[in-house]
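Before any questions on binding or motion, here is one chain by itself as structure tokens, the form predicted on its own.
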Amino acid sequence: MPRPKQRTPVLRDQVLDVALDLLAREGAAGFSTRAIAREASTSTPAVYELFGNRAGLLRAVFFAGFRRLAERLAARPESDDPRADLLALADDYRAFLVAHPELAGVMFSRPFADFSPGPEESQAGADVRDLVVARVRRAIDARILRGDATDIAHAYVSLIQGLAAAENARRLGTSKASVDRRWRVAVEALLDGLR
């Protein structure tokens, strides 16, 4: 008698964890459904049954990345200093992007031709956007920044993502001290310029 199929939420989570781990270790070039199935001790058809196809698995990775980023950013409580909170938020965002460059690529750079985010995926980062906009709005309310909260949040996040990409490509400096200093200069200049 054949074994019953075990396409459970537990297996789905296991496959997704393996996919995230494989992406981190092997990058986009090593991300294959077959390798993921092998490392998750399941079959390629099981992966397809759970996610539809490779694009469906990439979609799950995309959503998992934004969940993890939102959790990371929300973990630090607000202080009584909105500007310090924005500097700390930049540090936390940076730490995530630098620790997970391949995942950040899936989230922001789209390295896979068979995965193109649609309208539902554009909502994946809603928690991250809401948190950043809220922290910016808090600084505006405290008269530390001036301008539209959404506009400032876009500039702030774009700066962070660009600096992280430069750091990951080793174009931001040759020592940790120089990289840290350039991060601080850029983020503080943005915040000072919006006073």
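The first residue of the shown sequence is 1; numbering continues from there. Quick caveat: nothing in here was measured; it's all calculated off a predicted structure. For clarity, a rigid core is taken as the largest C-alpha set superposing within 1.5 Å between two forms.
We do not show the form predicted in complex with another copy of the chain, though everything after this point is about it.
A.B. asks: Test of understanding: in the model of the complex, would Arg68 fall inside 4.5 Å of another copy of the chain by heavy atoms?
C.D. replies: Outside the cut-off, so no.
A.B. asks: Although the partner isn't part of this model, could you tell me whether Ala75 comes within 4.5 Å of another copy of the chain in the model of the complex, counting any heavy atom of the residue?
C.D. replies: No.
A.B. asks: With heavy atoms only and a cut-off of 4.5 Å, decide whether Glu49 touches another copy of the chain in the model of the complex.
C.D. replies: Output for Glu49 is no: heavy atoms all beyond 4.5 Å of another copy of the chain.
A.B. asks: Do Leu172 and another copy of the chain share at least one heavy atom pair within 4.5 Å in the model of the complex?
C.D. replies: Judged by the heavy-atom cut-off of 4.5 Å, Leu172 is in contact with another copy of the chain in the model of the complex.
A.B. asks: If the criterion is a non-hydrogen atom within 4.5 angstroms, does every one of Ala28, Thr150 and His154 touch another copy of the chain in the model of the complex?
C.D. replies: Every listed residue reaches another copy of the chain in the model of the complex, so yes.
A.B. asks: Let me know which residues along 163-195 have a heavy atom within 4.5 Å of another copy of the chain in the model of the complex, or say none if there are none.
C.D. replies: Contacts from 163-195: Leu163, Ala166, Arg171, Leu172, Arg181, Arg182, Val185, Ala186, Ala189, Leu190, Asp192, Gly193, Leu194.
A.B. asks: With both forms fit on the core, has Asp80 moved 2 Å or more by CA between this form and the one not shown?
C.D. replies: Comparing forms between this form and the one not shown, the Asp80 CA shifts below 2 Å.
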